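Presented as structure tokens, the chain that follows is alone, the form predicted alone.
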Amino acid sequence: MSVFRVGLLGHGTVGSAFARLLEEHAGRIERTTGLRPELSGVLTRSRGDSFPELLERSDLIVELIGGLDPAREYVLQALRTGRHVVTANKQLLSQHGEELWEAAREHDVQLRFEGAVAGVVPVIRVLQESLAGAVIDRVHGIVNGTTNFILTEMGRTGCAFADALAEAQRLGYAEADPTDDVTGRDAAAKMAILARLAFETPVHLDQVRYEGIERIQPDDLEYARELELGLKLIGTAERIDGDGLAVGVYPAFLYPGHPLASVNGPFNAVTIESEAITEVTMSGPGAGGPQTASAVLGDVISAMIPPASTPPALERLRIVSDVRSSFYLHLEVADEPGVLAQVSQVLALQDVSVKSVVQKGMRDQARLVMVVHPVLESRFAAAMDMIAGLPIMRAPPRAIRVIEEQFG
């Protein structure tokens, strides 16, 4: 029997699930690859052998400790000493990916990271292998299962954000500190990775604009239902005017025909658009230790059957921040004549045209809810600033993007 030695960094939720899976499936993997994977050791931040000792007796390192330090140094050491590496660390790849991929190419080893994005949805492998010959126009998706569960619960029950978050934590979909999830930073790191692969352009986390879901109110979802819209936290990377690339994360309303509109609960989904393929959508569980561990194990098996690598970034698309979008606009206004006319006048000054509008409530409950046609974000932001200064406003205006596409 030939043994393939796997060193494990981290033994938390994902790491412990991975260790169990590796032991359970070792026989099947041996029948497939001719090698039997076995743990050569486990190193955590508080216990285990030294990293050099673990590295010495390992053919492959699985990095699941998270964060940047010491993860970056451990991964670099492993690659530079000729070991394959599998990681689910989206923060590491979104901030130091180019350095790590270069080290893997230089030392002719594999750096695999399917578990870093979208749980068990195999979007990394599809971009790197299945669609390697396609020119990608856009990648967008739901890449954070925690926020998707929260928004699904708010829409289903009418509860507040805090209550939906508490339920997500109770069920294990949200961490005790959910900051990276609910602010959109986790999704932004994943979109930086997807953009890098899809467009062969270096994209750092700092170049990804992101917004979270903390300010979403139950009445946003209530009014959205009247407009036949559903709310998701969407990550997007899109080619702009041939030589530009816009990457962002934000809450967005979708019409029922959109392929992401029906993805609910802790599920993830990614849609890839290209002239060669039209669009392909993949979905599956995105939040949870066993799901990520399964993706990590798949990467380990792939690394046992070389070769594979992440090619160098050949493109240098300029990063675009001002793009066109439709918006949902929620205004708490004074209950008096001429309110809609004042708002419409301000919108017209910034070339913002209204697609639909709903007037709700009376007196201190008066509201205007509208959807506007696509407009440059800078023009819409200017209109929002002007509206916020109108004496008819009882609270700051709220806006959420709307994605217009519907696919048959």
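All residue numbers refer to positions in the sequence shown, first residue = 1. No experiment lies behind these values; they were computed from the predicted model shown.
Below, we turn to the form predicted together with L-homoserine, even though it does not appear here.
- Look at 216-224, 178-186, 256-264, 155-163: in the predicted bound form, residues with non-hydrogen atoms within 4.5 angstroms of L-homoserine sit in 178-186.
- Looking at Asn89, you'd find every heavy atom of it more than 4.5 angstroms from L-homoserine in the predicted bound form.
- In the predicted bound form, L-homoserine sits within 4.5 Å of a heavy atom of Lys190.
- For Thr146, a non-hydrogen atom is located within 4.5 Å of L-homoserine in the predicted bound form, even though that partner is not displayed.
- Under a 4.5 angstroms non-hydrogen atom cutoff, L-homoserine in the predicted bound form lacks Leu329 among its neighbouring residues.
- Between L-homoserine and the residues Tyr74, Phe199, Tyr210, Tyr173, the one pair within 4.5 Å by heavy atoms in the predicted bound form involves Tyr173.
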